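Presented below, as structure tokens, is a lone chain in the form predicted on its own.
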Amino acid sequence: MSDLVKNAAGRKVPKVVNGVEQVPFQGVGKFKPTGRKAAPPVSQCGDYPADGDKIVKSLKEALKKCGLKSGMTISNHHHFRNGDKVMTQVFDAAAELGVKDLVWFPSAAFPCQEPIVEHLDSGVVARVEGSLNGPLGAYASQGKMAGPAVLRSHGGRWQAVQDGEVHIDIAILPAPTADSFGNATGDRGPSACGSLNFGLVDSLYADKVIVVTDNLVPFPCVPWQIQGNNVDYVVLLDEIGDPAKIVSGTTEITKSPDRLLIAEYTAKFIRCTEGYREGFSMQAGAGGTALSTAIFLAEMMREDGIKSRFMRGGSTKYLVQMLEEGLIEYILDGQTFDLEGVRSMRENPGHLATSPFTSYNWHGKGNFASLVDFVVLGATEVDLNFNANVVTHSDGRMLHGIGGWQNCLFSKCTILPIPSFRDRIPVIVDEVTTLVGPGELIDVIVTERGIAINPLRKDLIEQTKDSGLPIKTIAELQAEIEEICGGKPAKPEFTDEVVGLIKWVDGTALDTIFRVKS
């Protein structure tokens, strides 16, 4: 591992990670990219079947035809979330082909993919560069991978591929419906999961692209979210995923009285601001508190007789209900979090599939994130400077991915509704264990014990001063919570071994995750 340097956030980051030179974080909006976008090799139609039939009999055959070799980078989207049934088969096939040191570049990894740990142990897979959830995050935290995990936001992943920071050799794109030419969609078929657009960048930039489906339809597959002109091979399997598990245990309204109070405070806070008006926009995460906030807000919108122009998804049945009731005009959907969202995308013309390029990519000519009036997100911990962490817990282990969280911070008002403590461990700390979001972009912290507004947002302080809400300073909230919990949380002890790197939305190195002392 290379030497460490201090970046503009005061965090020490490696100069080189996995053989790639890093640019330290320079501040929000400070790094200016140069050069031109990356591109896949030029193809020509004469090398592909004139009848458009790109079907091969197995994943192993498709990988062989793609020229799979040791050291390559294999990518996939995560739209099946915890119901994916393809990627373990991909790496099983790779093992049978005798390759080693593969880099896995998913848009996110989930507990259902824990069997890939065996391939990490055997050396078939060297490391993972993607959002890690559950067992794979725990594995990486122990320093067992052959190189640190590199964690990027959804927009940061697109940026990394587009800018040539990550080169994808073979992209695997599971698709609930596809034709033999490779056109593919996710909103229909027995394994329908909604959007496939987290795999769009893979289809555009990878050297080789394999679409894997369990529902082959005659050409043309419409509407196509992945274009067959970018696809090399199509593989038909019996089952590619369990759509019931796209829910992944998070997309249910909270039943906790404390969290319901947090959600109510959040909705009331939004209602008190000037941003809450006819035609406002919002994005809420898929956690129980964020969903409950949307429910409270919907009732307030009915009372006030106002509608939202659009809401950003992760779509859920609650957003779908608001769309079909007429409370919102459009859902701009990045990923679909339940089966009602899948149905709505298929049936409602106002439910639109979007990609990380349109929504989040920082190295584009603008994106949707800054057009959103309010974003409601979670966090594992925040600190007195409003910095936030979503990757590690206070024990230093990385158990969560970044997802679109970083990208959403550029909304006009970023709100983090979080409980005061979890397992009697305070959530407001002096300094976050891992910096994932700079405090200057986080406007409001909402807990069941009060609301803290970032001092930089004097406008919000003024707008809500007579609201009757329990508005306090973040230091006052911290002191109250620590008194309840019996003091500050114990800090984990770290070794000097780097096990993970947090990237900022512009590709710069924001923070380092070190292995926790055992």
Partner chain sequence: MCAMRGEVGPRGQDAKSDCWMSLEIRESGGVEIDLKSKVMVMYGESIRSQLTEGLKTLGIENAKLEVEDAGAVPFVLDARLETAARRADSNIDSDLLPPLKVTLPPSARDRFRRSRLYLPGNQPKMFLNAGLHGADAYILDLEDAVAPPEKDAARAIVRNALRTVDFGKAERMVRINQGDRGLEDLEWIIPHPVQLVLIPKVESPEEVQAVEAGIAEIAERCGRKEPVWLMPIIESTRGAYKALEIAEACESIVALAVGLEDYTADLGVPRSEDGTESFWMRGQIVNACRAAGIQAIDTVYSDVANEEGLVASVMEAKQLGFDGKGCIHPRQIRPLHQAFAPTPAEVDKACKIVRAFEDAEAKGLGVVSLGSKMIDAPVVKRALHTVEMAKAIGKLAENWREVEA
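Numbering follows the first chain given and starts at 1. Computed from a predicted structure; not experimentally measured.
One more form of this protein should be noted, the form predicted in complex with its partner chain, which is absent from this view; the next part is about it.
**Student:** Going by heavy atom distances of 4.5 angstroms or less, which of I461, L456, A475, I484 would be at the interface with its partner chain in the predicted bound form?
**Tutor:** Of the candidates I461, L456, A475, I484, I484 is the one lying within 4.5 Å of its partner chain in the predicted bound form.
**Student:** Name the residue from A379, L327, L260, V217 that puts a heavy atom within 4.5 Å of its partner chain in the predicted bound form.
**Tutor:** If I apply the 4.5 Å criterion carefully, the residue I get is L260.
**Student:** Would F421 show up as a contact with its partner chain in the predicted bound form if we use heavy atoms at 4.5 Å?
**Tutor:** Because a heavy atom of F421 falls inside 4.5 Å of its partner chain in the predicted bound form, the answer is yes.
**Student:** So in the predicted bound form, is its partner chain close enough to D207 to count as touching (4.5 Å, heavy atoms)?
**Tutor:** Contact with its partner chain, no.
**Student:** Is R449 one of the residues lying within 4.5 Å of its partner chain in the predicted bound form, judged by heavy atom distances?
**Tutor:** Yes, R449 sits close enough to its partner chain in the predicted bound form that at least one of its heavy atoms falls within 4.5 Å.
**Student:** Is G67 part of the interface with its partner chain in the predicted bound form - any heavy atom within 4.5 Å?
**Tutor:** Contact check for G67: no, nothing within 4.5 Å of its partner chain in the predicted bound form.
**Student:** Give a yes or no on whether every one of P135, K144 and E431 sits within 4.5 angstroms of its partner chain in the predicted bound form by heavy atom.
**Tutor:** No residue of the spot touches its partner chain in the predicted bound form.
**Student:** For the chain seen here without its partner, which of 436 to 444, 314 to 322, 340 to 348, 390 to 398 has a heavy atom within 4.5 Å of its partner chain in the predicted bound form?
**Tutor:** Of the options given, it is 390 to 398.
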